[in-house]
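The chain below stands alone, shown as structure tokens; this is the form predicted alone.
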Amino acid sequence: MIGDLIWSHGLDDYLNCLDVSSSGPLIVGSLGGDAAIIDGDTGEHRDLQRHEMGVLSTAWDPSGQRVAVGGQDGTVRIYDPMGGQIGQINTDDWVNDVAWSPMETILAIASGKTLTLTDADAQVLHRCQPRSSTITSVAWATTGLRVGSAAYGGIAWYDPETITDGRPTREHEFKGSALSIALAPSGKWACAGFQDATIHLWKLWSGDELSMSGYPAKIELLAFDPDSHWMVSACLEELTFWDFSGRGPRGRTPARGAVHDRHVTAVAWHRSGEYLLSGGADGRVVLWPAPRRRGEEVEPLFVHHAGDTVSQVAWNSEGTALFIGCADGRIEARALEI
């Protein structure tokens, strides 16, 4: 069950970003513009420089030694775990997403229509040619050899080692506006959720395509479990679990879970892949077991009432506690008993 409160901290507005490093600290940011690095065990925090008009994106590097914070002011700052600023990148538009390469310390920045790649010290390596529309999400292949940017028309992939003219190495085209990217940890699949209520899949790197439709609204949340067996998608108040084992989800009936009274706002898999957290606009945080089989109705293990719209959920690095971010700017750490 979701247990006792360990600590809590408050930001000045809607808690928009929450990311946990491999070594334990959290980075959090609000739409009001404040950001902080928080010790995951004690709740002690270090305030960072404000981003006027709001923090839109945050990400720790794989080592937990650097964190990037991007805002609507077009600025990305890189900090060490103590809050010391390492460098700053200025862009011409608000920063929708940031993501570190899993193998090398390269930072991908989506600002407006442009993808920018920098090194760990904020030195610009490449500014890619602008996409035809705003980039909504970026994600790295598990090898670290390619980075993808999602925008209207599909996903464009770039190879940092061979970029010469800022053009993509490969494009997975699809008519519609891509809102999110999820890459399977196995490196086999790339998935995107679209504004037109579809999920589009590509096999990496054959390019074989598959679409899943029939959803009643746009798809903004996708997440693979650590074993790449299940991918969860959230649409309104329902979760759908697609089986990606073996040949993938084609022709397979997904498992489903529906407990939230309003739309799901956040999802996070446990490091074991045995549990999933979901947060909703109804103020609930739900602990789910991973599905046992395709087509089943998944029943929750526990429901916690956070008291306000839940904007973010995450596990601590050990998987023994969880973090809950809310629309009122509150961030809580709670014990977990499973």
Partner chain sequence: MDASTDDLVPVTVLTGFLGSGKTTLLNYILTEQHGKRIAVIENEFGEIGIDDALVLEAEEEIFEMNNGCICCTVRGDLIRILGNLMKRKDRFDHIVIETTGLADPAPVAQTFFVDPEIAAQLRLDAIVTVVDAKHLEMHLDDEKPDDIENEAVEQLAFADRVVVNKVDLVDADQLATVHSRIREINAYAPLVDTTHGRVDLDAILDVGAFDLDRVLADDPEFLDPDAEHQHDLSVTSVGIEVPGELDVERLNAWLGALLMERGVDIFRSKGILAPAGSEQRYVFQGVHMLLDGRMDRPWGPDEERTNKLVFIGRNLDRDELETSFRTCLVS
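Please read these numbers as outputs of a predicted model, since none were measured by experiment. Positions refer to the first chain, counted from 1.
Here the subject shifts to the form predicted in complex with the partner chain, a form of this protein not shown in this document.
Comment: 51-59 is the region of 38-46, 51-59, 280-288, 297-305 lying near the partner chain in the model of the complex, near meaning a non-hydrogen atom within 4.5 Å. In the model of the complex, the partner chain stays beyond 4.5 Å of every heavy atom belonging to Tyr158. Among residues of the shown chain, Met82 is not one whose heavy atoms approach the partner chain to within 4.5 Å in the model of the complex.
Residue contact check for Lys218: one or more of its heavy atoms lie within 4.5 Å of the partner chain in the model of the complex. Not displayed here, the partner chain is approached by Lys113 to within 4.5 Å at the level of heavy atoms in the model of the complex. Note on the partner interface in the model of the complex: the residue among Phe224, Trp202, Tyr152, Phe244 having a heavy atom within 4.5 angstroms of the partner chain is Tyr152. When the partner chain is considered in the model of the complex, only one residue from Ser101, Ser180, Thr134, Thr118 comes within 4.5 Å through any heavy atom, namely Thr134.
Residue Leu236 is the only one in 228-251 with at least one heavy atom within 4.5 Å of the partner chain in the model of the complex.
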